[in-house]
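One chain follows as structure tokens, the form predicted alone.
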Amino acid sequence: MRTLKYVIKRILLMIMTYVIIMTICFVLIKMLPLPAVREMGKDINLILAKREAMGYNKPILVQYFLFWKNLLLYGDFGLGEQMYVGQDVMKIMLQKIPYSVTVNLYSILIAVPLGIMFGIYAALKKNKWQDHFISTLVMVFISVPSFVYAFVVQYFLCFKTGWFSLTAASRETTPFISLAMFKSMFPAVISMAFSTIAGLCRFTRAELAEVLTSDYLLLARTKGLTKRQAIIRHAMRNAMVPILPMILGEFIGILGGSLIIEKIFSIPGIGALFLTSIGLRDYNFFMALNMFYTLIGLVGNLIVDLSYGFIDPRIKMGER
């Protein structure tokens, strides 16, 4: 009962936080000058009519009420004004999401096993040259922004060797689930995987190294278990308790895409769409994508937080 009350409380707090963030974003963006409608023939009348329906000429509070009304009752974010002119915002987003999900999923499936494997190896070789070498690489990959890797990958794998194309293939010319599509996305996948590998490696190494020096592991050895048995049966199981929620959070975040990487490799996902909407000041796309990214972040944090109690029964949610 106490756990249920805690979960309900967290969900209500998440909803309140979400509404506050969206309110601030809506008010701030409405304070900017309204962008002019591009000369797109018959689409001008359509956009102007949509603006009228959404109360663009009314006070901000009225616009805010109409925004939530259209969204909650009709699922309507409006029409594109500066890009995809006259097209439904939600429809365009649904077309873009599969690209972001695919490239993120490939990246995670590569990064998670490698990150955990290198972290375990570094912990087992603690304070040896292997540990120092891996830890140095981890610090480098964590410190350097991902777009720097993207340019390096583009230069060596795409430009110098010519093994991969500079940009991802289009779904219109290449089957979405195919080896050709994976190959075209591979440079972006690798660029995104570096930081995830480094983060998981550092976290796994720290957790496992701490467990390996614990008293109960020494007790397991004195009872006759070999080093390998003690590590597999006890050390790995306890070290994975804080690591699994981190992996879960990575999988939840696959919907979010990567803003910079998608733009660099011309992947037509929602990350590139978000950056373009900011540059062109397409308010409808910006609000829709901002709501999308904020919701993913809040839901992801909630699920990761709640997962600790299910992964480790010793953690009692709602206890003081």
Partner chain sequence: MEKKMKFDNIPVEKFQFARRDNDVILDKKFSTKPVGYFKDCMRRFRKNKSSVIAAYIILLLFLFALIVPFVSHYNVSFRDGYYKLAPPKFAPLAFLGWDGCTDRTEGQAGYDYYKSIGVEYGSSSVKKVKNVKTDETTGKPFYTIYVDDYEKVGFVYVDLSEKEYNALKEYQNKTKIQVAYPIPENYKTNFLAVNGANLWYELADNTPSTSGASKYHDDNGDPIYKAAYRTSKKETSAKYDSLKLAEDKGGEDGKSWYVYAVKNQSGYRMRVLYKEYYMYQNGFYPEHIFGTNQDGQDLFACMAVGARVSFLISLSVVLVVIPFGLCYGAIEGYYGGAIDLFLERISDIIYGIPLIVVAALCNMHLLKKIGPVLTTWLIFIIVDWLGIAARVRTQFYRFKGQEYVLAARTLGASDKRLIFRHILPNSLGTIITGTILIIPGVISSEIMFAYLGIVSFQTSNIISMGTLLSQGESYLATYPHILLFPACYIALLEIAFNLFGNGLRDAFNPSLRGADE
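Positions refer to the first chain, counted from 1. Given the structure is predicted, the values throughout are model-derived calculations rather than measurements.
The protein also exists as the form predicted in complex with its partner chain; that form is not presented, and the subsequent description refers to it.
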Close approach of N301 to its partner chain in the predicted bound form, 4.5 Å, heavy atom:
yes
Can you tell me if F151 lies within 4.5 angstroms of its partner chain in the predicted bound form, counting non-hydrogen atoms only?
yes
Is R281 one of the residues lying within 4.5 Å of its partner chain in the predicted bound form, judged by heavy atom distances?
yes
Given that its partner chain is not shown alongside this chain, does I232 nevertheless sit within 4.5 Å of it in the predicted bound form, heavy atom to heavy atom?
no
Kindly indicate whether I21, I264 and N290 are, all three, within 4.5 angstroms of its partner chain in the predicted bound form, using heavy atoms.
yes
Sort through V144, L157, V85, I110 and report the residue having a heavy atom within 4.5 Å of its partner chain in the predicted bound form.
V144
Answer option from L179, V140, L94, L72, heavy atom within 4.5 Å of its partner chain in the predicted bound form
V140
Location of its partner chain contact in the predicted bound form, chosen stretch of 74-82, 235-243, 132-140, 220-228 [non-hydrogen atom, 4.5 Å]
132-140
Going by its partner chain in the predicted bound form, which residues of 10-31 come within 4.5 Å of it through any heavy atom?
L13, M16, T17, I20, I21, I24, C25, L28, I29, M31
